[in-house]
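As structure tokens, one chain now follows by itself in the form predicted alone.
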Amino acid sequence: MSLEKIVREDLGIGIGLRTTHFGHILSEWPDLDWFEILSENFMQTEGRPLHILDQIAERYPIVMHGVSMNIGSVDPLDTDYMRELKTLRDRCGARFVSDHICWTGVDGTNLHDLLPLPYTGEALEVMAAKVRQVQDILEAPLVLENPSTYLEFAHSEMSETEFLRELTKATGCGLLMDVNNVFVCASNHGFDAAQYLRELPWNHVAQFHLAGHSVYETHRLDTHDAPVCDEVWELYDLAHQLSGGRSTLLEWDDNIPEFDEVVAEAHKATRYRGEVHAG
């Protein structure tokens, strides 16, 4: 599928597929537009997880979201990981594959964290080359999420939005715009979140993420363990006005409540989506 088609296909409102909700989904087949899976949860495994995914993928659109591509590292691309990722994509018929603008390991060691990049021309060149390699393997556009960060590099040569614009221009990749991450980073680093959204290459934005976060005395932390705060909903409203509407996903990964509560929180997005489509 081309990036244009991915961007244009608004899947509606979805939630992350989590183990704690498997039983409810398989017994109730709830009225929900789509699910996003964490790719690694269904890789290097057999049996129950894939069996459940097969059943869910028969009834709902699936999008894959990964945390281990290590796309920003100078390490060579893990081609074994990529082959397995592509096999999973083909098995579940995922609309597209996404990961994060970050690095996650060095010298072959996975550090199991989404680590920030310096926004330099050199980092851009390294990432763009690996994105093109990934897209050649997938034979499809890769979609990448803006990070949540807690420090900035003094030697960065451009802003994050400049980096995103240059990356999409160099590779034709898509963007997954995590609105919560924008707000968390704006709060931590002191930039204007609304202006950040206005500077994005919206023709490359394929999807929105929403989530809750934790507030500390010195910073905000992207924890995915609470409802979406009012400020993030306000940013989401602006993002929809700027984009004309995109597929929207609610993430809730810790202190996960009952399925119906997660869906109810996700469906709060309906108000803002309705305003866009009515306009």
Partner chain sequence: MTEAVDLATLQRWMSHVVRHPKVAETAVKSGAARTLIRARRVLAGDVVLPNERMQPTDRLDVYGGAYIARLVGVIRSDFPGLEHALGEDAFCGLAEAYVQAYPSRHPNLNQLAHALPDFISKRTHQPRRAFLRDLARLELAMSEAFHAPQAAALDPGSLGAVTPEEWEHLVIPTHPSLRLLATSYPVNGYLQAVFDEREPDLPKRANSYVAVYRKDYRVWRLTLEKPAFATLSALANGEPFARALQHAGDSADQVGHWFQGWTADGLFIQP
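Residue numbers count along the first chain shown, from 1. Everything numeric here is computed off the predicted structure, so don't read it as measured data.
Form predicted together with the partner chain: not shown, discussed below.
Novice: Can you pick the stretch from 136 to 144, 181 to 189, 202 to 210, 167 to 175 whose heavy atoms fall within 4.5 Å of the partner chain in the model of the complex?
Specialist: Result for this chain: 181 to 189.
Novice: Whether R59 contacts the partner chain in the model of the complex should be assessed with a 4.5 Å heavy atom distance threshold; does it?
Specialist: R59 lies outside the contact set for the partner chain.
Novice: Taking the partner chain as it sits in the model of the complex, is L26 in contact with it (heavy atom to heavy atom, 4.5 Å or less)?
Specialist: Flag for L26 set to no.
Novice: Is there any non-hydrogen atom of E46 lying within 4.5 Å of the partner chain in the model of the complex?
Specialist: Yes - in the model of the complex, heavy atoms of E46 and the partner chain come within 4.5 Å of each other.
Novice: According to a 4.5 angstroms non-hydrogen atom cut-off, is L221 in contact with the partner chain in the model of the complex?
Specialist: Yes.
Novice: Suppose contact means a heavy atom within 4.5 Å; in the model of the complex, does that hold for all of G16, E162 and L249 with the partner chain?
Specialist: The answer is no; none of G16, E162 and L249 reaches the partner chain.
Novice: Just one of Q195, N110, T87, T79 has a heavy atom within 4.5 Å of the partner chain in the model of the complex. Which one?
Specialist: Contact with the partner chain in the model of the complex is made by N110 alone.
Novice: Going by heavy atoms, what in 112 to 146 lies within 4.5 angstroms of the partner chain in the model of the complex?
Specialist: H112, D113, L114, L115, P116, L117, P118, E122, A123, V126 sit within 4.5 Å of the partner.
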